[in-house]
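Next up: a single chain in structure tokens, the form predicted on its own.
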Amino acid sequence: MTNKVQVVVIGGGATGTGILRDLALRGIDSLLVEQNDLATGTSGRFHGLLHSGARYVVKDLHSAEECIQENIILKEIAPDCIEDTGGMFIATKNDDLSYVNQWLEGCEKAGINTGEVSAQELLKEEPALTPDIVKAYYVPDAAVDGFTLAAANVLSANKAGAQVKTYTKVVGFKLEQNKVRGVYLQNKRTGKEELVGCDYVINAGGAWAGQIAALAGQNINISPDKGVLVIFNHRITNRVLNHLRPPGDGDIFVPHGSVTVFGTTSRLTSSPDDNEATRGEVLELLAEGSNLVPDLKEMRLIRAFAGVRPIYQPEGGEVGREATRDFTLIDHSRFTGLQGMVSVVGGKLTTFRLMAKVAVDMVAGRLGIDKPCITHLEKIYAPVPRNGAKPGEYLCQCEMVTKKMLDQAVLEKEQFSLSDVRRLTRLGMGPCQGTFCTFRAAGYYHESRGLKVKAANKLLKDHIEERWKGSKAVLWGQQAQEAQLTRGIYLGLLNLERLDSDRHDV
């Protein structure tokens, strides 16, 4: 690993990894640093909706136009990361029909194709929906896997010569004559610190962007906005479902793999690390969602979680749902005179490629590099493809994860957790939430990687505890029964509480 690069990118979400890929494809020597694993911030904690832009056409037309343009591009270049489910917007008898007309006008202005469908026809296709539908329209929404997207960006960037350091935190900047000359980094696993010199820094830290900028004496007013989501154990609808009304809580259902993600809420929070959901927040969501899916409260929930939106608030700007979902590129030299640093804030995962292009256009120009963006032309591929296998090769039946996929997920990793593996393969993300695949995966790595007993036990324990955190807010009905089964296996049979006291290290 070199100690000097042209550009350091901070943040391993969709935007940061997209920036790294854009830099690499233009031949710019670059390094990405991420304090945890890829897509562990907002890019891995959202509903997984690839927006058509239809949600924003009434109040944020520019964002809507960007969304539909990028939606079309991403479906073409990132097929491994997207399930083109299509989407639908429905209005019920309790909704304001005058808003429907505004929405249709906005979709036409933004260039978003809509197709009206009768309530009777839609209910035949999607029987879980409320019979109180008065208007329904198809839109080109889709489901996108934020974990796979970030990893695919990095794979493309690596092939073009870029470097990545995960579990590495920025702890300071080297400044000389009001110019960034380098970045001080700390390995979170070993505690080792190093200085990486650079000509430019691109801050793509999302909800943490303000904290990162402060290390260089810069002020970015980020308003962390917490959104709670829940996961059901089956696909409630085959398409993305949106409530046709002004954006509010509990109006989006997204089918993902074998499950459905439903949300979200919008509440200001004081910390970008505020990512746990409460039982009260879950119950509020279910009450809202029942307007679209009447039997929602009877369906089995398997998990609740929260993500923090990195909403940029210029002085006097709006907050929460009233804030624009557009993005901003901040050139710090214009405001404080600090040379060599730009920050990318706001925006949506759907527009990450466009955000990356705008940022790299500026930095490439400052570096005197005249090469155009080609990220809209080059396809990206998942590092762990989902190929078919024989029945005995599946270690996770819920999400069809094979031994080969587990091997590919850790090919170049000296250290890893099952959560790292999960983000690349969906291990433990299905209805059983890791109950049956966690011990299988830990045992498989013990054999295939030669892990010692304590290391394999740690993989197992850490993963079960992480899965448990997301279940605590939804422990009733069928999920409470599932939790008791999990407790019986891991506490009763596998003695999970005493694994750390294992004296054997073989």
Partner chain sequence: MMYDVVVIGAGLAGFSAALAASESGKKVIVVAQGMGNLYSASGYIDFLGYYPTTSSKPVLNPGKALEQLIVEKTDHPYARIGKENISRSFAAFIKASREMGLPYTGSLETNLLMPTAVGALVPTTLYPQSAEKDVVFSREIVVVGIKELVDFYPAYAAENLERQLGRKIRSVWVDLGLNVGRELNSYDLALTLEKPDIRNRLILKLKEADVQNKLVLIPAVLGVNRWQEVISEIEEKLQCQVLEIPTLPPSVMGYRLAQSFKLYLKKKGVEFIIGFPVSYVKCTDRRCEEVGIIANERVKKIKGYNYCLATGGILGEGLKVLPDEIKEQVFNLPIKKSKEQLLNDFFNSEGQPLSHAGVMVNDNLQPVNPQTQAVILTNVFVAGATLASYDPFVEKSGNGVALASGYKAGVLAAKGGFSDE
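Numbering follows the first chain given and starts at 1. None of these values were measured; they are calculated from a predicted model.
Beyond what is shown, the protein has a form predicted in complex with its partner chain; the following relates to that form.
Note on the partner interface in the predicted bound form: the residue among Asn457, Gln69, Gln35, Thr40 having a heavy atom within 4.5 angstroms of its partner chain is Asn457. This chain is displayed alone, yet in the predicted bound form one of Tyr394, Tyr138, Phe327, Phe232 has a heavy atom within 4.5 Å of its partner chain; that residue is Tyr394. Although the partner is absent here, Ile464 is a contact residue: one of its heavy atoms lies within 4.5 angstroms of its partner chain in the predicted bound form. Of the heavy atoms in Leu494, some are within 4.5 Å of its partner chain in the predicted bound form. Residue contact with its partner chain in the predicted bound form: Leu283 places a heavy atom within 4.5 Å of it. Among residues of the shown chain, Tyr167 is not one whose heavy atoms approach its partner chain to within 4.5 Å in the predicted bound form. Residues within 4.5 angstroms of its partner chain in the predicted bound form, judged by any non-hydrogen atom, belong to 466 to 474 and to none of the other stretches in 55 to 63, 41 to 49, 466 to 474, 24 to 32. Not one of Ile73, Lys109 and Phe305 comes within 4.5 Å of its partner chain in the predicted bound form, counting any heavy atom. Of all the residues from 468 to 491, those having a non-hydrogen atom no more than 4.5 Å from its partner chain in the predicted bound form are Trp468, Lys469, Lys472, Leu475, Trp476, Gly477, Ala480, Gln481, Gln484, Leu485, Thr486, Arg487, Gly488, Ile489, Tyr490, Leu491.
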